[in-house]
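In structure tokens, the next block holds one chain alone, the form predicted on its own.
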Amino acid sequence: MSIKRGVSLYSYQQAQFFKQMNWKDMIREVHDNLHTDGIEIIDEATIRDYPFPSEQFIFDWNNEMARWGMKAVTMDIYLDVHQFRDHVMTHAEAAERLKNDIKIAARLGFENVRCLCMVPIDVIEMALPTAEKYNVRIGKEIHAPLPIKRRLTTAWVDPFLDYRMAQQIMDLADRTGSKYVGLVPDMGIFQHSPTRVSIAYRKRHTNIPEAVDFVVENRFNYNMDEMLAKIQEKYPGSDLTDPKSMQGLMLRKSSADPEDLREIAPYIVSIHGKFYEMTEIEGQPGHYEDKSIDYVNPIKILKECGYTGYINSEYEGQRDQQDMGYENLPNEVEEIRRHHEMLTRLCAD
């Protein structure tokens, strides 16, 4: 069996915003033009009246999915810890919210729910009996800048990220013997360089665009502190003055090693196919790639490990172009079709 293809409907976010497509249109696009069946959603972006959807919506969703023979792969969930407004949720309250999301996912036919990487491990463990009861797996996302595993060569540590996250999930699965908890790697962890769209966005929103070019071209030559000093020396008055404004431009190595997929492959629930811009490969008409993200090596390793789950396209490049005006917006439908050309080619046996 081959790796399967799907789409997160989040990829069509601006088409939804401008009322060019609704969720039914998106499902038909995946069926008719991508010739695949995998569907992923963000709960509150698609589910009307979430977190208390009506019986009518649940019927409509299941009817539409059955009509086109589609597969409800993963429902992305968020824990709004300020839901009650008068206090921050306790871990026990967060677990109750997660349990409710699992029940919603089950009623909509989803096999998995995806939790953000910040969700505490004990919250997931408290919800695990509900996941088992409703036959819905919980997948915790590995999102950049998290690695799959912390390597000694990592030079900078974000104090707000837990670099043991993947290991904690695997330990939980092994300790409980449960098949209902796992991981959702995001392909953004294999991004190795700044995207063209992010570079262009930063140049449009800085007072000295040439400074952005200097950072990108020289990012291998200086560390962050050295680069900040160099910018002020060469471009006095530049507003590139802090690591936050420079972090994406300084990207020179992916946060995860594709080889580490071998260890987590048995625990993968589904995969986010993050991408920002699909461009035609030179000398290969009709074949596309995202120049900033390594897909070739991770997919090769996943195939060697026998992974046959879904990679669901997650297009985010439009977010760096939405400042340019409606007439200059990228074509989300075309970008996702190009992404699936790549996935079809790389995932083939």
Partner chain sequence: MFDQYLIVKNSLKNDIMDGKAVGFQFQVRIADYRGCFLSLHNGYYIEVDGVKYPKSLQTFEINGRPPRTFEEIKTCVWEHFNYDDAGIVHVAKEGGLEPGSHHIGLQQSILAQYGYRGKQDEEWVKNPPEPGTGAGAGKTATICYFDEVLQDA
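Quick caveat: nothing in here was measured; it's all calculated off a predicted structure. Numbering follows the first chain given and starts at 1.
Here the subject shifts to the form predicted together with its partner chain, a form of this protein not shown in this document.
Contact check for residue 44: a non-hydrogen atom falls within 4.5 Å of its partner chain in the predicted complex.
Contact check for residue 229: no non-hydrogen atom falls within 4.5 Å of its partner chain in the predicted complex.
Proximity of residue 52 to its partner chain in the predicted complex falls within the 4.5 Å heavy atom cutoff. Within this chain, residue 196 is remote from the site of its partner chain in the predicted complex, having no heavy atom within 4.5 Å. Judged by heavy atoms within 4.5 Å of its partner chain in the predicted complex, the contact stretch among the candidates 31-39, 63-71, 298-306, 319-327 is 319-327. Taken together, the three residues 16, 120 and 201 all come within 4.5 Å of its partner chain in the predicted complex, as judged by their closest heavy atom. Here is the short version: of 79, 251, 124, 106, the single residue with a heavy atom within 4.5 Å of its partner chain in the predicted complex is 79. Though its partner chain is absent from this view, in the predicted complex it lies within 4.5 Å of a heavy atom of just one residue from 241, 206, 167, 90, which is 90. Residues from 234-270 do not approach its partner chain in the predicted complex: none has a non-hydrogen atom within 4.5 Å of it.
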